[in-house]
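We begin with a single chain expressed as structure tokens, specifically the form predicted on its own.
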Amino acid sequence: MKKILKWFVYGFLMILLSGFIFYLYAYFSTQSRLAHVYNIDTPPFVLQTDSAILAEGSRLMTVKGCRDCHGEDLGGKLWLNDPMLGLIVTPNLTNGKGGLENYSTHDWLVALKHGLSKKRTPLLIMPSNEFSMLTEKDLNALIAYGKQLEPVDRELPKSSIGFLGYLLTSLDAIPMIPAEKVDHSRQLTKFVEQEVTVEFGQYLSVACEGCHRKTMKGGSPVAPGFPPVADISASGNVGTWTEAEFIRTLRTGKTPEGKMLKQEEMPWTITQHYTDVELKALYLYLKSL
């Protein structure tokens, strides 16, 4: 009996030691990845700022999820506060106190397209693997609107990663460093015709990839505590919905089956701001898969 107990204690201590060693690896490797300075080459970007562009920039700030993450006034907010995962704070995007200081058009472009700070190090959680696929026209609208935001004085604490956050980041189980998934050499597309086509729908679907994957067939939860991600291709429920039912679902959050979608799992309060052309094109693309 003593021998069994002895081996049990040894085994338990070995598990603890292995866990501690893995945590040290996760911590230092993540810190190294966050400190990595990217050498990127960005061509000149001439910003257009007429009233139509600014209006579209305001709309895109909503439909691309910027307000959802950074707050309705884009002054930043506490996005996640979990003792195990960490403290994730989205920055103040205005030039008010605690906001972006002296951010040039180039700095905005680097943040959106590459997911990098002014120092060219990765930004936490910033989904630039999606934004990098935007056209030059859409990026122009976002940057133009962002640069003329009303100042918001809001100083926020710095983000910090928790114990579990380091482990999951090391395992690539959560998208903590999206800059690593960006093709930094990719040239910008000038624009995509906004019409009801599969091509335009595919362009819009990039915003869905973070959860539903490139195939749009969903899969495992995007983070601990979340449900499995739904298949929104033709082989899922969307395949049985009419165009009108699809549009109504993304505008009201209520599916044809009578299910009310949770905003934190499916951001329908964002997709409700899509135009009819955008929703019809997205539906056409999803039905084609």
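All values reported here derive from a predicted model rather than from experimental measurement. In this text, residue numbers run from 1 along the sequence as written.
The next section is about a form of this same protein that is not shown, the form predicted together with heme C (HEC).
Peer 1: Of these, C211, V192, I177, L167, which has a heavy atom no more than 4.5 Å from heme C (HEC) in the model of the complex?
Peer 2: Spelling it out, the residue with a heavy atom inside the cut-off is C211.
Peer 1: Can you work out which of M133, A144, L100, I161 has a heavy atom no more than 4.5 Å from heme C (HEC) in the model of the complex?
Peer 2: Filtering the options by heavy-atom distance leaves L100.
Peer 1: Between heme C (HEC) and P228, L250 and L282, in the model of the complex, does every residue show a non-hydrogen atom at 4.5 Å or closer?
Peer 2: Heavy-atom distance to heme C (HEC) in the model of the complex: all three under 4.5 Å.
Peer 1: Contact between A26 and heme C (HEC) in the model of the complex at 4.5 Å, heavy atoms?
Peer 2: Answer no; every heavy atom of A26 is more than 4.5 Å from heme C (HEC) in the model of the complex.
Peer 1: Please check if S117 has a heavy atom lying within 4.5 Å of any heavy atom of heme C (HEC) in the model of the complex.
Peer 2: Taking the distances in the model of the complex, the answer for S117 is yes, it comes within 4.5 Å of heme C (HEC).
Peer 1: May I ask you to check whether T255 falls inside a 4.5 Å heavy atom distance of heme C (HEC) in the model of the complex?
Peer 2: Contact with heme C (HEC), yes.
Peer 1: Would you check, heavy atoms only and a 4.5 Å threshold, whether W108 touches heme C (HEC) in the model of the complex?
Peer 2: Although heme C (HEC) is absent here, W108 would touch it in the model of the complex, with heavy atoms inside 4.5 Å.
Peer 1: Could you list which residues of 49-68 come within 4.5 Å of heme C (HEC) in the model of the complex, counting heavy atoms only?
Peer 2: M61, K64, G65, C66 sit within 4.5 Å of the partner.
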